[in-house]
Ligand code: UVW
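First, one chain by itself in structure tokens, the form predicted on its own.
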Amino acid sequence: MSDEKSLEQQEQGLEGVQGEEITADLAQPQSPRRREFIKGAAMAGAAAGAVSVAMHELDLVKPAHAAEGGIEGTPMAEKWWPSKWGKEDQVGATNWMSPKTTMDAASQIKSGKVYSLGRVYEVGMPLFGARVFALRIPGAPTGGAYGKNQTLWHDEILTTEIGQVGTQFDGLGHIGCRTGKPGESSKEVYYNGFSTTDLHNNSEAQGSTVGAYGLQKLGVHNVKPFFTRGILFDVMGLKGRMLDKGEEITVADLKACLQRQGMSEADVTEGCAAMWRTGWGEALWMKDNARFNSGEPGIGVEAANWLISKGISVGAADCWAIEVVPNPDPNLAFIVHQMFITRNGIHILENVRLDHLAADKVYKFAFIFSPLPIKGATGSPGNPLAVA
């Protein structure tokens, strides 16, 4: 089977690929036909990525003077390690997860109504840069039939950046900071002082000291499951409109949200999950992907520092980076990511749904989420829950 024919069959949903012999062959791990199918899926994914690049202006996240002056004068200028949880810690702010936070979260449940905060993972959802989402079902069906009862089954092959598309959870190995010159991997530093060298040092990888087979430190499998208090800041409700790209959410906005919602700063407790609604996702997701990816509203340095001081464990929003893009300071790129993840071990959840919580005026709830324990991964997909 040629690459061209394999790709054509995938695009047509494998119409015409029939018979137990072919489907059984695709189900075998060492099958040449299955290897060809997987190769074709990767080609399709690459093609999808090439299309997605044209949808965005990547320059909007590039710092204007990346090579000038290093990180001096930015929130990353001062050394941030070792972590307050110890120099070997890889858990970060999920250290706040404890029986105390669990019981506090349970006390927020009044009606028992469950809200899904995750979006459907599907072709056509906004993707950043050249990221890919391509799902294929090998065979039609994949296997069978077996036994007198004639059992059939389906498998799937998924080609994607598994923790960095759709509703996505950023692990501590996802974002770092260059503190030295280009090429000095020991001075590319992540949470708790771990460097690129530490993250990729793997003597078993093809006989090399640097491996590409998962992070050796700060993999998402280290993260503790979340069962904690959730707080919604309904900024869209406060403003009475969808916020626009480049519009920064300030501390004054967050405090005004609390007041409008009948809450106080005391409701923002250590270990809680803080979320802000901008309206960006509910208005634009799969409706105007180009605009969705062109920038976004979100918090900036001031609000990030305020939330850090409250001891939150995760920050979430209904947009693709949770922070204001482009930043009002053209020299800063994804600075909130560095402040949360790299400096403080606070995780980030992107592209979550919040409109239904706001519609029901649910501003405090139990937040439940367990990242997939993929060893060495930079992040995780998933379906976070709010229980009110």
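Note that the structure is predicted; figures quoted are calculated from it, not measured. Start at 1 and count along the sequence shown; that's the residue number.
What comes next is about the form predicted in complex with this ligand, which is not displayed.
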Can any non-hydrogen atom of residue 229 be found within 4.5 angstroms of this ligand in the model of the complex? no
Do residue 234 and this ligand share at least one heavy atom pair within 4.5 Å in the model of the complex? no
Could you confirm whether residue 128 comes within 4.5 Å of this ligand in the model of the complex, counting heavy atoms only? yes
Taking heavy atoms and a 4.5 Å cut-off, does residue 277 contact this ligand in the model of the complex? no
In the model of the complex, does each residue in the set 168, 321 and 337 place a non-hydrogen atom within 4.5 angstroms of this ligand? yes
Could you check which residue among 195, 90, 142, 164 gets a heavy atom within 4.5 Å of this ligand in the model of the complex? 164
Name the stretch: of 269-277, 169-177, 148-156, 221-229, exactly one has residues whose heavy atoms fall within 4.5 Å of this ligand in the model of the complex. 169-177
Only counting heavy atoms and a 4.5 Å limit, does any residue of 343-360 reach this ligand in the model of the complex, and if so which ones? 350
